[in-house]
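A single chain comes next, written as structure tokens; it is the form predicted alone.
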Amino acid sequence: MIRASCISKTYRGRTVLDGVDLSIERGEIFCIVGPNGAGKTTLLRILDLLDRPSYGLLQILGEDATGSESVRFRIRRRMSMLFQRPVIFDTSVFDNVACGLKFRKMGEDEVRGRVKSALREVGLPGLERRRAKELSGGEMQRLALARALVIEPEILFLDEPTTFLDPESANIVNDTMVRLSRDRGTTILFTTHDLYEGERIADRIGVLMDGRFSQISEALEILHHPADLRVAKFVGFENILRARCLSWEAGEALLDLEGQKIYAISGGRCDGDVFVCFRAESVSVGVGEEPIASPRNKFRGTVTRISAFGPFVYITIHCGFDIVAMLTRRAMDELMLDLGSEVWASVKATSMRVFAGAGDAAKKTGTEKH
């Protein structure tokens, strides 16, 4: 449905996109995540043919989308886009949703049927006569989504569609995307700051940083096997520690971490200063004697901080360096943990990732030793 090659975009001498490559299949839900200023909205506008790239090749629906305006207009009539802050006309809900159909000069009966169907799709049935400006913020976003859906697009673009929505409206928007992909085969691309939102509904996720994709993969792959240190930081690895690589063999590295030997998985050969990264939920915590049946990476430490987060609790364990572990509240109660508690922390080698170049990376990311 979409094939982009070496897409670049420069504004006033500043490179916003820098050689983006992307291929999207029919019916796929593709999520673009990344920090502010990464180029997410710019890329979406280029793919939706609202803007032209400064350089690169773009095919959409089998046609050259970098050609004449007449070709681009023909392609755009087969697509829709929902903006983060949509424009709502000061007319009725019906007229807002129907405007795209009227531009296409459809008959009144077909317009009426499509509008009612689109409003049902987004959870706003029976509101055709309401004044659009009287709706709540969440309802306005769903109204704008209905307006995008009513033309039955083959490709739907959404720019951070749930950022300002209440949980109910956000769930309706996300559920609608899933149904469109499943039932109609609609191809969907959306941007978000919330990686976990992408995980819930997207087939694949692309992490856009500094104008290019650092990683494109399924959500679990990105969450647990980030391609580089920047991706690991973006997706929320709580533990990012400096270490020194002592040896590397068959994808496993032996590291020195503040005088302690640890084993970790390294996708490529590493040497010298490195970063070792792992998630808080990968840390097992115990009390009492040293565990016998446990991973090779075991650390004795003291609980120095406890932070509640919904049904979970994050604890910081100091063992010559700080490790953050995530536990359920029930596990906390069963272990009877408190500030100052002596515990064992263990992490499997397969849960750790090693990235080379700790000295250079620290300067770029601002990472400090825990």
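Residue numbers run from 1 along the displayed sequence. All of these numbers come straight from a predicted model, not from anything done at the bench.
The same protein also has a form predicted together with another copy of the chain, omitted here; what follows describes it.
Novice: With a 4.5 Å heavy atom cut-off, would you call Ser282 a contact of another copy of the chain in the predicted complex?
Specialist: Because a heavy atom of Ser282 falls inside 4.5 Å of another copy of the chain in the predicted complex, the answer is yes.
Novice: Just to confirm, Met326 within 4.5 Å of another copy of the chain in the predicted complex by heavy atoms?
Specialist: The answer is yes: Met326 has a heavy atom within 4.5 Å of another copy of the chain.
Novice: Answer for Met336 alone: is it within 4.5 Å of another copy of the chain in the predicted complex, judged on heavy atom distances?
Specialist: Answer no; every heavy atom of Met336 is more than 4.5 Å from another copy of the chain in the predicted complex.
Novice: Consider Asp183 of the chain shown here, and say whether it contacts another copy of the chain in the predicted complex, taking contact as heavy atoms within 4.5 Å.
Specialist: Result no; Asp183 lies far from another copy of the chain in the predicted complex.
Novice: Of the options Glu199, Glu154, Glu128, Asp228, which one has a non-hydrogen atom that comes within 4.5 Å of another copy of the chain in the predicted complex?
Specialist: Filtering the options by heavy-atom distance leaves Glu199.
Novice: State the residue from Gly27, Gly67, Pro35, Gly320 whose non-hydrogen atoms include one within 4.5 Å of another copy of the chain in the predicted complex.
Specialist: Only one listed residue qualifies here, and that residue is Pro35.
Novice: Please state whether all three residues Glu160, Phe164 and Pro167 have a non-hydrogen atom within 4.5 angstroms of another copy of the chain in the predicted complex.
Specialist: Yes, all three are in contact.
Novice: Among 257-265, 136-144, 242-250, 109-117, which stretch sits within 4.5 Å of another copy of the chain in the predicted complex, heavy atoms only?
Specialist: Looking at the other structure, the answer is 136-144.
Novice: Within 4.5 Å of another copy of the chain in the predicted complex, counting any non-hydrogen atom, which residues from 9-31 show up?
Specialist: Result: Arg12, Arg14.
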